[in-house]
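Just the one chain here, the form predicted on its own, laid out as structure tokens.
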Amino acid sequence: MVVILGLFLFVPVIMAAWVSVSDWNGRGSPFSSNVHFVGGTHYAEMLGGRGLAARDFGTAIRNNLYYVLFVVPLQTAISLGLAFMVNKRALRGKGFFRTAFYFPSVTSTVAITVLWLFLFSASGAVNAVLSWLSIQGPNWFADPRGVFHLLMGGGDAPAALSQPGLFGISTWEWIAGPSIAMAAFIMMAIFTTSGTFMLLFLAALQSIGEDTDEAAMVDGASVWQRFWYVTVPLLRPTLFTVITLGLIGTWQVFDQIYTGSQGGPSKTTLTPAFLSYQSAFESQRWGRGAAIAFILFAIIVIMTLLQRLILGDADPTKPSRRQLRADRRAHAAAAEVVTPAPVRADETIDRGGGRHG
């Protein structure tokens, strides 16, 4: 197993790391004498440059950031709600609903993307339903306008916000929100992943049992209090797992973009994973593509650590460092209280327990 992992995992990672700091052109071995070390040139082009590479990378980060901010909270909340629903004893046909909610997760992503293209086309079923409500739907996968931009009236960008900023992208572009096309991908991600995370929450809810909830009910806790102060703390390990998997999956989104939009329209659905593929395999910029992959890896690690700090320890039964320090202080104070004062040499203790000088 170690040999297999080393051959198909660790060795490619090492090779990709070397490619990211070399001028390899994709021909021959990346460790040949014709390949030279260029240091952090590829990283500087994207992180510190002002050219097209930096702008494309910043656009991809902006698009993917909105994707993460919408997908992870919504898929977590919806999957938790579905788990509560199918976990109720009064619900009939639990097996049917569990299968129905989970089915999109086991369906091919490419197939769902193609289906989504039909549903969200200009004359698709989604716009037909919107027309019944007297709403003219957009041409979803061909509309680059930002959602927040449209909610703010859709006017021209203020001059103060139109100047190039981080990665050469203006502040107005950063706050315009996900495009209409990216909004369709966001809805598709929530649709396909909520069923998987529903099973994780369902298993956690069944492991808790009903006795805990009934005990809180006897104590007079309301439905919201039982959920927030009893169920959620017990679900913290599962919540940590779901959010971590959600962060990893949303930052690595590729196949939907490759099948559905190829980064268009106007690069509003471009993601770092697709940009890495595009740079390496289409533009033959292998070092740049590998550098994007490692930057994406660093982003995923940082985001995971941040959510670990926000959620705290994933194991609710394990005391935190603050609790351990408080316990040590309490034990020290208790030891001081129960320790008797020393008896001086000039004192005698009578049989009644009194002290006399």
Partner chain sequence: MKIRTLRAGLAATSAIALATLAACSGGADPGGEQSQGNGSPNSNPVSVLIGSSGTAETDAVKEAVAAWSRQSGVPAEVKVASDLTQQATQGFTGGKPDDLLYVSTDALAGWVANGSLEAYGDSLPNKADFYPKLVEAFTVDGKFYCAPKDFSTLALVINNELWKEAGLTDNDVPTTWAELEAVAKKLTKGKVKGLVVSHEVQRLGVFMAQAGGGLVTDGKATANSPQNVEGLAFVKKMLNDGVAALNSDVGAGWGGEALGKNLAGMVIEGNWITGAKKDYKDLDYTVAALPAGAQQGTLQYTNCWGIATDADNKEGAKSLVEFLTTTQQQLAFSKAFGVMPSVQSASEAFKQDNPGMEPFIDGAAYAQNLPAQEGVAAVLAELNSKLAKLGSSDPKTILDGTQTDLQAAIGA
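Owing to the predicted nature of the structure, the values given are computational and were not obtained by experimental measurement. Residue numbers count along the first chain shown, from 1.
From this point on, the text means the form predicted in complex with the partner chain, which you will not see here.
Handout entry: the partner chain contact at L52 in the predicted bound form, heavy atom, 4.5 Å
Key = Close contact exists here: in the predicted bound form, L52 approaches the partner chain to within 4.5 Å, heavy atoms only.
Practice task
Give a yes/no on whether E45 approaches the partner chain to within 4.5 Å in the predicted bound form, heavy atoms considered.
Solution key: It does not: once the partner chain is placed as it appears in the predicted bound form, E45 has no heavy atom within 4.5 Å of it.
Problem - Exercise: Y229 in contact with the partner chain in the predicted bound form, heavy atom 4.5 Å - result: Close contact is absent here: in the predicted bound form, Y229 is far from the partner chain, nothing within 4.5 Å, heavy atoms only.
Practice task
With heavy atoms only and a cut-off of 4.5 Å, decide whether R27 touches the partner chain in the predicted bound form.
Solution key: Flag for R27 set to yes.
Practice task
Counting only non-hydrogen atoms, choose the one of 191 to 199, 68 to 76, 81 to 89, 274 to 282 that falls within 4.5 Å of the partner chain in the predicted bound form.
Solution key: One stretch meets the cut-off, namely 274 to 282.
Exercise for the section: Kindly indicate whether M15, F31 and K267 are, all three, within 4.5 angstroms of the partner chain in the predicted bound form, using heavy atoms. Expected result: Yes: each residue has a heavy atom within 4.5 Å of the partner.
Exercise for the section: Just give me the single entry in L161, A142, I175, A100 that has a non-hydrogen atom within 4.5 angstroms of the partner chain in the predicted bound form. Expected result: Result of the distance check: A142.
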